[in-house]
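Listed next as structure tokens is one chain, alone, in the form predicted alone.
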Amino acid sequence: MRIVAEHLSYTYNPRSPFAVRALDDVCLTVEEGEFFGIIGHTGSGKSTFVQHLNGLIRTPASLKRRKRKQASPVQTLTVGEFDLTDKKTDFRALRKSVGMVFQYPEYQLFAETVKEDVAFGYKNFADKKPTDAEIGLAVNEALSIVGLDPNEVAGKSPFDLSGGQKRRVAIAGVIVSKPEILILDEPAAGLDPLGKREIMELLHRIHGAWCKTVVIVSHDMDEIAENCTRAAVFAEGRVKYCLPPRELFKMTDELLALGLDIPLTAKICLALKKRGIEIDCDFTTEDFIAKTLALKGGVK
């Protein structure tokens, strides 16, 4: 499923004194199979954009079909075969195909047991009423995928689990319906370094198994450099850049001007460059170390 946005705009509280232009002529394509990153400071429009992708924020259907002046571009937003500007679109089917995990998803747990919480999404998106056996199988599979033992946690209250376990349960509740696209808003927020690494390894396992496309919103530039095929930079409701990390994080001045940071590896590369040593890497830790060890003559 390919995500294509053309001239997408969105205003909160339109036609009121409190109107805020959150998206302004966004044009962006995410190809099927990507592990895609979205970055930007608070208020840049990145969260508003991803909430459009499974219809949590609706693009007014009339925008596409209204008679407009020739100079005004037509807004379009498609996710695979789903046209999100069409009011006849099956949004239930869309949400089954596009899973959304919000920031701190553990705060959204609500059921008495882990099994009930994870099963909610499966039952909600099932084409017909599933049997207890089908529900149990789906829940166990989802919990196993996120690294939890169903025999140990399924019958527990989700509120009795550790913070890391709660986050895994929340993710299991989204992936239980096996969406083709998984969108996560700050998936590693608030976790220690080990927890961050485990969550990203989990997302790569899901991506490699059956989820065709993963989109993460993140403030962590190291996270983007280590994991993403491409990243879009949002600022003032627009997409300023959309590039692979290897190219994006060479644009140090431009990113800093937008109030963003760069990965640690990029900072070290800059420091070495000032000493006359150039390292051409993709800014992942693995590639940076390999290229550094390959240097001849050492640092003077």
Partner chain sequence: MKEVAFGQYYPVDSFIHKVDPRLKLLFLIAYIVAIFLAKNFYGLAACAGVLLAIVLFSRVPLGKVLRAVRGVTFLVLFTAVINVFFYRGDTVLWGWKFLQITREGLIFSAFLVLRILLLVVCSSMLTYTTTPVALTDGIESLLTPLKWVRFPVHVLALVMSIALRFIPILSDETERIKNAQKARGADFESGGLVKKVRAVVPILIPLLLSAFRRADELGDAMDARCYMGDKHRTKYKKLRFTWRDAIVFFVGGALIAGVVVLRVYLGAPV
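Note that the structure is predicted; figures quoted are calculated from it, not measured. Numbering follows the first chain given and starts at 1.
Quick note: we don't show the form predicted in complex with the partner chain, though the next part is all about it.
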property	result
In the predicted complex, the one of Thr113, Thr229, Ser144, Gln108 near the partner chain [non-hydrogen atom within 4.5 angstroms]	Gln108
Leu8, His52 and Thr59 each touching the partner chain in the predicted complex (heavy atom, 4.5 Å)	no
Proximity to the partner chain in the predicted complex (heavy atom, within 4.5 Å), stretch among 77-85, 148-156, 118-126, 131-139	118-126
Any non-hydrogen atom of Gly33 within 4.5 angstroms of the partner chain in the predicted complex	no
Residue contact check: Pro187 to the partner chain in the predicted complex, 4.5 Å heavy atom	no
Any non-hydrogen atom of Met100 within 4.5 angstroms of the partner chain in the predicted complex	yes
Contact label in the predicted complex: Gly43 to the partner chain, heavy atom within 4.5 Å	yes
Heavy atom contacts to the partner chain in the predicted complex at 4.5 Å, residues of 203-224 in sequence order	none
